[in-house]
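Read the single chain below, which is given as C-alpha cells and is the form predicted alone.
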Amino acid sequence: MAKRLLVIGSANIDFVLTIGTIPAAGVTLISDGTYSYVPGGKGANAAITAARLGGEVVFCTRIGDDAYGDRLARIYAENGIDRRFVKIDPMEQTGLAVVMVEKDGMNRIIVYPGANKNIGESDIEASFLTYPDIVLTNLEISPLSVEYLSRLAERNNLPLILDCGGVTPNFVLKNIRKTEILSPNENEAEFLTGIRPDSLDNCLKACIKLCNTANIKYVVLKLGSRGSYIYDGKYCDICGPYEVAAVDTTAAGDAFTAALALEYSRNGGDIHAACRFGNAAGALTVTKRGALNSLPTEEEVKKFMAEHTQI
C-alpha cells in the first residue's frame, strides 16, 4: 500500500529567467537567454515529486482566484494529488517566484508569498483528518503555521519532516515540537546556526547546534554537489553524491526532501537508504531546466540508481 504523505506548503508560479550573469546595482543587462512561467513553490514541488515517486499525496496550500491558480490546480490534478485542501484565496494573488538561472545552473530566487501567507490553522487542522503516514512542510509559509502543524504532528504521533527552505528571521526553531528530520541546505544551516557547513568539522558543529536547539531525531544537511550529511545526535555520516552535469538547480532541494521523506516512510525509517534515494532524485532534477519539468518519476530514479554509482 502506498504511503500517504501530507505536504503543507507553498504553491507558486515561477517566472524563470536564464541569463549569463546577474547585473550589478544600477546596471541594465540585455540577456540572450530565455524566460518562462512554470509551476513552482517548495510545497508544490515536494508534493508533485512525491506523487511521481509513487506516494499517495495530500497537498494543503492556498492559491489565488486567478489564471495562475487555475493552472496550478489543473497540474496538481494531472499528477494525481489529493486537492481537497488546495484552497482558493479570494483576497490574495497566487504566489510568485522570480528565478534567475545563471550559466553554471546556480540560481537566485525572490519570492512573493501571495496566498501562501494565509495558510492558517483551520486549513492545517482539516488536512490532518486525512490520516497521513508522514507530514512534510517548508518555511515558505507562516512560522506560526509551522509551529501549529508541528504541535498537531506530535499530538497525532506523526513523523514531521521540516525542509528549512524559505527560512526567515521570524522563524524560531526552538518553538518547533518533535521533528523527525530537519533538512537545511548550506545557506539555511548557516542562517540558523551561524556556522557554514563547508567542511566535515563545520557540518558536525552546525548539526550539534541544531540538535541542542530543538527536539530533532535526524539532521540531514543538503550539500549540493557534495551530497548530504546525516547526524542522529550521536553519530554522523556522509551520503555521497551522484555526478551529473548541472543545468538548473531549481527544485533540486525540494525533490531531495520529498524523496527522502517518502522513502523514509516506506522503508521503515532507514535514514541512509532514504538519503541515497533523495540524492538520486536531486541529481536527476538538476539535469533539466525549470521546476515541474525536472521532477523525476520513481522509474527514472530507480533506473538512475542502477546505472550510476555514488561518489
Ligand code: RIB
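Everything quoted here is computed from the prediction, not taken from an experiment. All residue numbers refer to positions in the sequence shown, first residue = 1.
FYI, the form predicted together with this ligand isn't displayed, but the following is about it.
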item	value
Non-hydrogen atom within 4.5 Å of this ligand in the model of the complex for each of 9, 137 and 150	no
Residue 285, heavy atom within 4.5 angstroms of this ligand in the model of the complex	no
Contact of residue 214 with this ligand in the model of the complex (heavy atom, 4.5 Å)	no
Interface membership of residue 250, this ligand in the model of the complex, 4.5 Å heavy atom rule	yes
In the model of the complex, residue 109 touching this ligand (heavy atom, 4.5 Å)	yes
Residue stretch of 250-258, 59-67, 270-278, 26-34 approaching this ligand in the model of the complex, non-hydrogen atom distance within 4.5 Å	250-258
Selected contact from 81, 124, 97, 72, since only one has a non-hydrogen atom within 4.5 angstroms of this ligand in the model of the complex	97
Members of 19-48 lying within 4.5 angstroms of this ligand, judged by heavy atom, in the model of the complex	40, 41, 42, 45
